[in-house]
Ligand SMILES: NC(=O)c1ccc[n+]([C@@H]2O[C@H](COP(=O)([O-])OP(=O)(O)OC[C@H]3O[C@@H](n4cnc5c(N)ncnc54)[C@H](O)[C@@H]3O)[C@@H](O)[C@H]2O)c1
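As structure tokens, one chain now follows by itself in the form predicted alone.
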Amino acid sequence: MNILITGGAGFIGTYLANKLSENNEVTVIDNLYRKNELELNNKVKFLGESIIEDIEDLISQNDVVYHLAAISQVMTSIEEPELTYKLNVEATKNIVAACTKHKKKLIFASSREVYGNQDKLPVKINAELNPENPYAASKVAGEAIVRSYGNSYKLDYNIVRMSNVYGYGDVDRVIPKFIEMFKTNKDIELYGSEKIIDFIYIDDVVEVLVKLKEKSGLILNLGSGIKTTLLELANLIKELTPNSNSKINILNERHGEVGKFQADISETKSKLRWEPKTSLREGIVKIFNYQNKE
């Protein structure tokens, strides 16, 4: 297949592009808005374009489009809501329209943020959407655009609502930040010790995304299905960091952030014949092992 990945030089995109390039022709576009420590392999064709530009011709040349590009940090979306709307909604509309026009399969990367705060865990796929911040709202809008084109124009699509993805090479998210701080003996600030997060290792995410190119019309949760508090995460990383003297300070939760999330992944398991393979402890150990090889 010929496959296009928007945001394909990002953390998730790089892993996905390198995996798909084993058996497919893969093209990546990315404006490099967010940096990471990974490299695309030499089989992947990289085009440093912005998704705001007209990419209809590029879409017409590919069979499958993975739309990963987005402003993906909650606090950034709160600080820059207009940019978030432009990148996450307007660009998505253009990509959806082009995929529809040229009859290309679209796999849309959504987020667990669309659910907001839910009273009942784990959160099922049919739970009411309750966006708490501009990023979440932009993903709800993106999903609505995708589904509406599917209903009106028979767009071939899948939507995957990802929880917190982690792995070697990522930067600026909670796990890589905590690892670096514990290694350098900096004190850790927890914005809510009882904040519940569902962490899923990058290899398990890529396995699902690869499977989705053979499926149609699915909306799925993608997480480990296991809940972890921020305090549990911090204690685990400290345990795995030799001789760290960092202290853990607990602060109030930040406005606009979701306080608790755990994904119900039963449909993902059954419809894709998939199981997450890497526990949080195993995943963090893998990150440490990769770093020790550097």
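Quick caveat: nothing in here was measured; it's all calculated off a predicted structure. In case it trips you up, residue 1 is the first one in the sequence shown, and so on.
Unshown form predicted together with this ligand; subsequent notes refer to it.
Visitor: So, residue 72 and this ligand: in the predicted complex, are they within 4.5 Å at any heavy atom pair?
Guide: Looking in the predicted complex, residue contacts with this ligand include residue 72, since a heavy atom lies within 4.5 Å.
Visitor: Is there a heavy atom of residue 250 lying 4.5 Å or less from a heavy atom of this ligand in the predicted complex?
Guide: No, residue 250 sits far enough from this ligand in the predicted complex that none of its heavy atoms falls within 4.5 Å.
Visitor: With the cut-off set at 4.5 Å between non-hydrogen atoms, does residue 173 touch this ligand in the predicted complex?
Guide: Flag for residue 173 set to yes.
Visitor: If you check in the predicted complex, is residue 31 within 4.5 Å of this ligand, heavy atoms only?
Guide: Residue 31: contacts this ligand in the predicted complex.
Visitor: Pick the stretch from 175-183, 116-124, 147-155, 131-139 whose residues have a heavy atom within 4.5 Å of this ligand in the predicted complex.
Guide: Correct option: 131-139.
Visitor: May I ask whether 9, 68 and 162 each come within 4.5 Å of this ligand in the predicted complex, counting any non-hydrogen atom?
Guide: Per the other structure, all of 9, 68 and 162 touch this ligand.
Visitor: Considering this ligand in the predicted complex, which of 54, 39, 232, 49 comes within 4.5 Å of it through any heavy atom?
Guide: Only one option qualifies, and that one is 49.
Visitor: Could you work out which of 197, 109, 106, 220 is the residue within 4.5 angstroms of this ligand in the predicted complex, going by heavy atoms?
Guide: Exactly one residue meets the criterion: 109.
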